Structure formats: C-alpha cells, structure tokens
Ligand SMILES: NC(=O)c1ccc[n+]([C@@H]2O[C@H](COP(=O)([O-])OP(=O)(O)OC[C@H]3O[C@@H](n4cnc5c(N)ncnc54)[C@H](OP(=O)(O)O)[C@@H]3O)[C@@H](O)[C@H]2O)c1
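Next up: just one chain, as structure tokens, the form predicted on its own.
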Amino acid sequence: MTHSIVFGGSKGLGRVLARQLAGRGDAVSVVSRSEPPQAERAEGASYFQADIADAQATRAALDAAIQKNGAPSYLIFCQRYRGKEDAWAGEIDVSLTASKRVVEYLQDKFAVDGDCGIAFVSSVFGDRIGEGQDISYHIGKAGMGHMARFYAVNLGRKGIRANTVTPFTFLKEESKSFYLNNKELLGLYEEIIPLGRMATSEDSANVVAFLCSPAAAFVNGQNIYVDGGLSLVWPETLARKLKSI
C-alpha cells in the first residue's frame, strides 16, 4: 500500500489533501502540532503529534508512522509558521530548516519499489511581493520552491521526485464564509481570474495528489501555479480593466 506523509494535514488545504489521499486508498500519516478533533480527521488516516520545529519529536513521529504504515512513497509539506515570537527565525525554521531536516532524515527510508515524490506547498508570495505578509513569509515560501528544485536534482537518482504547488487565494473551510459574505471582494476575484471563480482547497489538493502519484512519474523540479490563469494577466491589463479604461 502507498504510504503518504503529510505535514500540516490537520487544517486547511492539508486536511482536504489528507482526505483525498486516504480516499484513494493511501495509508496516510498526518503529522501536526496538535491532534485535530475526531470529527475533523480524514477517515482512515493516522495522526501523529509533533511540532515540525522540534527535531526529536518529529523523528519520533516519523518513526512511529513508518512502523505503522511502512516506508513512505510520498512526503508533503503543508505546514506554516503560526507562532508569535520572532517571525523571521520562526518562519525560516518551520518552512526551511525543519523541511530540510525531514527530507534528509527520510531520504534513505523511502519505499524501494514504485513511484516516490516530495511536494512542497508554497505561495504566490514566494515569487511575488504582496500585502498582508512580512518579509519572512515571502522568503520562506521562496526558499521552499528552490529547495524543491535542489532535491529534484539531487534525489532524482534515488528515484525521488520533488515539486512545488503554488496556490493563489482560495476558499477553505476556515475562511470560506468571509469571502462568500463579502460580495464585493468575491466579485473582484471572479472578475480578474480568467476562469471566473475563486479556487477551492480541492483545486490545489488535486494538483498535489497528482504530483504524488505514478501519473506524474516524469514530472520533477516543477512549480505548478493553481491560480486559474491570473498570473498570466499583465498588471496593466488588470489595472485598465478594474478602472474601466
């Protein structure tokens, strides 16, 4: 059975992804800072509590996951820094240092047979500068993208692929009501996104699930945008459209 390990799989996109992977038949191990309520868990998934920034606790959780579900085929990073301390140190530690530590700990523990891969969930702020997030978030997400490219080259000979998924703002369970109740903002997104709607958690989860499957066996080192085509639109075109010029 395919074993997929998901960091940050108790909330948002990670939770939807855990449900999808379990639904397709994977043995899913979710590693998160806190164990979610039973009602919010993906049916059939196993949950292991560990703060990814805590190296010892994370190794113990990974060992327990492997002992229960076998050697992993897929490793997915959906975590993000949510602390209130030094944002710079915390973001770099959680997004980059901890991810590096996990990959290096597991690189020789992946399944010997079959397709194997790593997926990093990044953000458009990894490539662009936007409001609402400070420099640490931008740098952390940018670093995840380059980390994926590095591992794509250096772990390829081990049969381990590495890719990045970059979602745009999307509707998730925790924030869906905010956008649905803000008709003006929702209408703005519907106007500027070429597909004419906001993304959902499922849209990004579908792409991650594809990359973590044999169907993507020759996809390596790529960054796939899940933004409905918005990143293709020239900013001047957007400005003229919004200003009705």
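Each residue number is its position in the shown sequence, starting from 1. Quick caveat: nothing in here was measured; it's all calculated off a predicted structure.
There is also a form predicted in complex with this ligand; it is not shown, and the following applies to it.
* **Option touching this ligand, based on a heavy atom within 4.5 Å in the model of the complex, out of Ile66, Ala50, Val207, Ile193** => When this ligand is considered in the model of the complex, the option within 4.5 Å is Ala50.
* Residue (of Ser123, Ser73, Thr164, Ser99) lying close to this ligand in the model of the complex, criterion heavy atoms within 4.5 Å -> Of the candidates Ser123, Ser73, Thr164, Ser99, Ser123 is the one lying within 4.5 Å of this ligand in the model of the complex.
* Is Cys116 close enough to this ligand in the model of the complex to count, meaning some heavy atom within 4.5 Å? -> The answer is no: Cys116 has no heavy atom within 4.5 Å of this ligand.
* Asked: Quick one: is Tyr151 in contact with this ligand in the model of the complex, heavy atoms, 4.5 Å cut-off?
  -> Although this ligand is absent here, Tyr151 would stay clear of it in the model of the complex, with no heavy atoms inside 4.5 Å.
* Asked: Does the 4.5 Å heavy atom contact test between Val31 and this ligand in the model of the complex come out positive?
  -> Close contact exists here: in the model of the complex, Val31 approaches this ligand to within 4.5 Å, heavy atoms only.
* So, in the model of the complex, is Gly228 in contact with this ligand at a 4.5 angstroms heavy atom limit? -> Looking in the model of the complex, residue contacts with this ligand do not include Gly228, since no heavy atom lies within 4.5 Å.
* Asked: Can you pick the stretch from 8-16, 217-225, 21-29, 232-240 whose heavy atoms fall within 4.5 Å of this ligand in the model of the complex?
  -> Flagged stretch: 8-16.
* Check each residue of 147-172 against this ligand in the model of the complex and list those with a heavy atom within 4.5 Å, in sequence order. => Contacting residues: Pro167, Phe168, Thr169, Phe170, Lys172.
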